[in-house]
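Below you will find one chain, with nothing else, as structure tokens; this is the form predicted on its own, and questions on how it binds or moves follow later.
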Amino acid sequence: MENKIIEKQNMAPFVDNLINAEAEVIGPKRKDGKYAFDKLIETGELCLDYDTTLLPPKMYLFPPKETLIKFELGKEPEVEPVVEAKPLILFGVHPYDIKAIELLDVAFSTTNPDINYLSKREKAVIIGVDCLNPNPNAFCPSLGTATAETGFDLMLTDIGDSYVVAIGSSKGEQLLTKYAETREASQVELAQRNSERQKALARYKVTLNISPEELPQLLDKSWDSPWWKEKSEKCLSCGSCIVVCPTCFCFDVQDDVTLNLKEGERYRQWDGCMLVDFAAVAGGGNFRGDKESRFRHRMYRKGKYIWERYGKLGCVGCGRCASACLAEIASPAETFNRLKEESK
């Protein structure tokens, strides 16, 4: 993989050039003491030293609410598919979010390819940045998601007075050539990048006491663990953990018809297994009507079900769920470590 150097004094012109180009540039911005991905109007809004954002960048590829079709009713009904995709640059994406997007790529392209997601993904450029100041609830190193070797077009690493830029695709290389002033990275600078990444690993405060490969087998043996009932009693069923999760991709589909009953639209919106009505069915039944079964199902999705279907864990260790959970029960690391202790 080819590596370049962008001096920090040349970063602002690079970002300015991207903002003034045809693509919309989305990056992490400060928001009431936190950080959020949003459209960049000027370079000064971009924060590359953030810990984590409130919501993951997946929201620009898989929006919280998205129109799928528009229709007109009458003697001869008309239906028009809606696929909205425009050139997009996601700037400053951390490795764990890149890994999450790789999972979405697989999920939305397997069996029944999702044209809405895939169209957006095709037009998106991902410029990553190594996370050197991790969220206190994150445990990315335990899942191998603290760094990324794939899934990006460019990857930045802050080494002091400059950024090392790894080129991950031809699209990324073209952006650098067209909009940035760069030079070749030296061996000393590449060694410095490795050093900064190692220092960052020491800043993580949460560790998973089991390898990712062991999780499916551990969960196989833990269905009847008392932990599920004990921990879920505090659950508020608010769904905060699934809303902020970068790997959750469940959605509900609804039809909305105008008051004149002549036209309408079909849309999808985020949904998730921790919400009371997620597993509700006709006739008043609910496959997971209690908090215990919903809590257990979410953890099985993270550590077993997604792995068995796609070969990737449904958790990237970002820590967003633990940060968002008012009941302080959402961290997969806490659950997996507890189950590991029970299995001894």
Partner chain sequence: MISQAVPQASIYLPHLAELIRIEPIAEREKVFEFRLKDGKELGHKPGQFVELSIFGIGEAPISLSSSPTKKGSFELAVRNVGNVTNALHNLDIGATVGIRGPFGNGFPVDNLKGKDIVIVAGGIGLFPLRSLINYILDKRSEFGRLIILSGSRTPQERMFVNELEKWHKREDVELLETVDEGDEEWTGHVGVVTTLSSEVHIDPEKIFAVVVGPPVMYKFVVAECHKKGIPDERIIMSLERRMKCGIGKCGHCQINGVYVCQEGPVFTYAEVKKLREAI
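Computed from a predicted model, the values in this text were never measured in an experiment. Numbering follows the first chain given and starts at 1.
Omitted from view is the form predicted together with the partner chain, to which the following refers.
- For the three residues 15, 40 and 179, a heavy atom within 4.5 Å of the partner chain turns up in the predicted bound form in no case.
- In summary, among the residues 196, 114, 189, 173, the only one with a non-hydrogen atom within 4.5 Å of the partner chain in the predicted bound form is 114.
- For residue 184, no non-hydrogen atom is located within 4.5 Å of the partner chain in the predicted bound form, even though that partner is not displayed.
- Looking at residue 105, you'd find a heavy atom of it within 4.5 angstroms of the partner chain in the predicted bound form.
- Proximity of residue 158 to the partner chain in the predicted bound form: non-hydrogen atoms within 4.5 Å are absent; the residue sits far from the partner.
- Contact check for residue 109: a heavy atom falls within 4.5 Å of the partner chain in the predicted bound form.
- Partner contact region in the predicted bound form: 243 to 251, out of 243 to 251, 210 to 218, 159 to 167, 127 to 135, criterion any non-hydrogen atom within 4.5 Å of the partner chain.
- Annotation for 290 to 329: interface residues with the partner chain in the predicted bound form are 293, 296, 297, 301, 305, 309, 310 [heavy atom within 4.5 Å].
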